[in-house]
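Taking the form predicted on its own, here's one chain by itself in structure tokens.
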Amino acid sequence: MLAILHPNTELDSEAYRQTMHYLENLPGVSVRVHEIQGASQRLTEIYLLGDTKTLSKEEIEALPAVERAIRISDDYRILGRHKDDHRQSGFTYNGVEFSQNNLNIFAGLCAVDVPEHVEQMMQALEDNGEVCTRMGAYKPRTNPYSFQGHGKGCLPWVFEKAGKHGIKVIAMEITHESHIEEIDTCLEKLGRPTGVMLQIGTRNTQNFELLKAIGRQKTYPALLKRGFGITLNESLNAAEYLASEGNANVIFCLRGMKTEAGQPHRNMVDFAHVPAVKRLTRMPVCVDPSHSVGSRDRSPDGILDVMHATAQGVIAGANMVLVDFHPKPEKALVDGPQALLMKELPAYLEDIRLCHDTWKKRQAIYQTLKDSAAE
């Protein structure tokens, strides 16, 4: 069961103390408190875990600090959608909204290489009105002799350039708990010129200790990629690990499924799951067409496969696009052959906006149908 307190309930108030005293003394029930800071108010959610079937919803709602109570299912207790659950989906971070209704584009370098390329990428994003990017400093690689990323050594100049060009959020994969501290220390030293979204790559989707570490901190939101060769349910439960530790600011990323059936693409494109994830959870959904397709192959209509895959995800309602660009792909240290070119950025952004507008028009068509059926 979930008890949602009245907005802006003070944790030192008498109403809160009375409510917690009652809940903490329920037999066979453990209590977990989550605080959500929105743009205009703070919301406190109290999860009651254990033997809650016999609890009276009316008695919980009668407690002085409780606004309403919701019975929740076992699956995705914090991030999932539940009956009579009208909680907000998404969050705002560093002035950028992430929800199931809007769209943010994170175009950038899969792996940071030299300052010149980072500068060119961020300048192009600024010129096109974009405030988000992807920049890989820590790179987990299958081959131990492959480039592993510059690590914390590149963070100062990446963050400084982001601030210079008005980049508000950088999606950056981390592979170890220590990377959180390295990022935080560097941002603090520089006066926080930008923000970071901690990305969990497909190889680490079931690295539960890393998930717990990211979940314990609430400064940075998380972008969780679907895991290698595991079910959607298993990947969504990995996201729940983050939320169960206290950080519910999570975006779920579809990046293709590793299977020979996906050929000639790098992975089987799984963007049909965009609406499924939005139905099952309250998380915004990201698509990664670069790692799904893995090439610059072009169809007879003149459009790159990666652009077609992007369109499929956005028209299905994706809320974020994570895509590889590079000023000089032939010199990229990671995934150069799949990177889009800088001259393709304006057309790509226009294509995405067209697809997002189409999604909104599709929504309106079916809303009209739903309204007429309800009459």
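When you see a residue number, it is the position in the sequence shown, counting from 1. Bear in mind the structure is a predicted one, so any value in this text is a computation, not a measurement.
Separately, the form predicted in complex with a small molecule exists; it is not shown, and the next lines address it.
Visitor: Tell me which stretch of 88-96, 119-127, 194-202, 211-219 has a heavy atom within 4.5 angstroms of the small molecule in the predicted bound form.
Guide: It is the stretch 194-202.
Visitor: Any chance all of R134, R255 and L322 sit within 4.5 Å of the small molecule in the predicted bound form, going by non-hydrogen atoms?
Guide: Yes, each of R134, R255 and L322 comes within 4.5 Å of the small molecule in the predicted bound form.
Visitor: Which residue among K139, H179, R296, K278 has a heavy atom within 4.5 angstroms of the small molecule in the predicted bound form?
Guide: Looking at the other structure, the residue within range turns out to be K139.
Visitor: Heavy atom within 4.5 Å of the small molecule in the predicted bound form: which of A162, A248, I174, C110?
Guide: Flagged contact: C110.
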